[in-house]
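Just the one chain here, the form predicted on its own, laid out as structure tokens.
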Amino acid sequence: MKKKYLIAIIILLIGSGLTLATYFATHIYQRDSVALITDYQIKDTFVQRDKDVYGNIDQTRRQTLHLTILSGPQRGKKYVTSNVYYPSQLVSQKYRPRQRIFVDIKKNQPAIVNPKRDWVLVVVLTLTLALMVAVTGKKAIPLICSLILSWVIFYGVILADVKLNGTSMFLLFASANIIFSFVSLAIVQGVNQKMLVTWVATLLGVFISFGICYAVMKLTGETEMRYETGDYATQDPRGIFMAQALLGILGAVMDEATDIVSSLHELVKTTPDITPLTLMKSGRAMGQEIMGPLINVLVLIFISGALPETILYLRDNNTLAAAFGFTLSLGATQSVIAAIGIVLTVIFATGCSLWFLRVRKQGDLV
């Protein structure tokens, strides 16, 4: 117990050092220059009061910023520039005294790009790793390895999608789901009977629930599926929606399948006289306890992500139906698909766990 807390403290100390190093780093950036706002009190002046036709009120304000360039060919030079922003900060940024920012200098004039926030990412990663070690101890190692490898795989999938120009997006992300689930489970649980049963249950939950929803969408002619409302750049919006739905199902389904299969595996090991009917009833009872919170978590995550844009639509005098169509319809559909997957996974995880009874009779259950 003391050892894992000691390691967590060491991670916090190392992370604090890396955070400071990242905050003061200037020479590692090639594209933009790092600048420091040297003001201790920024001059902030009122420009005008803005009011739209719906009664929404905002202001236009101007900041006068004194900058010192910290990197690049212009290092050491001082500039004075202005920043126009709106207090709502929807599409603009208010800067603080002594803040570090990225600037693009052209024709001896600095243009503010964005704040330097890379050190914030280091802080978040440090806290995440420290908490994982403090809570799980040695088990944090495979978890961290799984997390890193998942990011590497995801980056490779994105590169492949860009190279293919979105022509095989569904097939690519369906394959990625298979790889994601296998790698994550293999690293955390090891390649064994329990892991393989969990993997099969996960894949059944993902693809069968998606297949059911896709069949419903085709039968209804994909009515009210407003793919154009997503932020999809220039790629196929329908294909990206399908990829999002697949990835969204995977996270919840794999979590649930792991809980049910692991619990039933231990139940089979500790209860020699358990019958298939009792095992199935136990799996159903566990599923009933798990699926409600999981579905609620998915819905709340979806609502929290869509809330800002929904408020903007409602403040611009749109009806609730119009706001739902433009901001919530696709996310709600993805949540429904994931919810169906969560419900079906109770059946698949319990059914696949019957394999443990067969293996136990042969004396090979581990």
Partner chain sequence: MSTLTALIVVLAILMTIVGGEAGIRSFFSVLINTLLLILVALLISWGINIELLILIFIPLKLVTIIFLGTHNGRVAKNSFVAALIVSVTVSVLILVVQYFAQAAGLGPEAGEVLVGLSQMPGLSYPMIAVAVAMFSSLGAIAEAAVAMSSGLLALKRAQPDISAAALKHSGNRIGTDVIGTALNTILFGMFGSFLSLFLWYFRLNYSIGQVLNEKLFVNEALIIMYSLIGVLLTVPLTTVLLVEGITKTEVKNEK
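The structure displayed is predicted, hence computed values, not measured ones. Positions refer to the first chain, counted from 1.
Another form exists, predicted in complex with its partner chain; not displayed. Remarks below refer to it.
Of the candidates Y86, F207, Y79, F170, Y86 is the one whose heavy atoms come within 4.5 Å of its partner chain in the predicted complex; the others do not.
Across the proposed site, L203, K269 and L277 without exception lack any heavy atom within 4.5 Å of its partner chain in the predicted complex. Heavy atoms within 4.5 Å of its partner chain in the predicted complex map, among the stretches 195-203, 173-181, 68-76, 269-277, onto 173-181 alone. Taking the partner from the other structure, its partner chain in the predicted complex has no heavy atom within 4.5 Å of any heavy atom of Q109. Taking the partner from elsewhere, K116 is found to have a heavy atom lying within 4.5 Å of its partner chain in the predicted complex. Mapping the unseen interface onto this chain, Q334 counts among the residues with a heavy atom inside 4.5 Å of its partner chain in the predicted complex.
Though the partner is left out of this view, C352 does not reach within 4.5 Å of its partner chain in the predicted complex, counting heavy atoms only.
Taking its partner chain as positioned in the predicted complex, the residues of 102-128 that bring a heavy atom within 4.5 Å of it are, in sequence order, F102, N114, P115, K116, R117, D118, W119, V120, L121, V124, L125, L127, T128.
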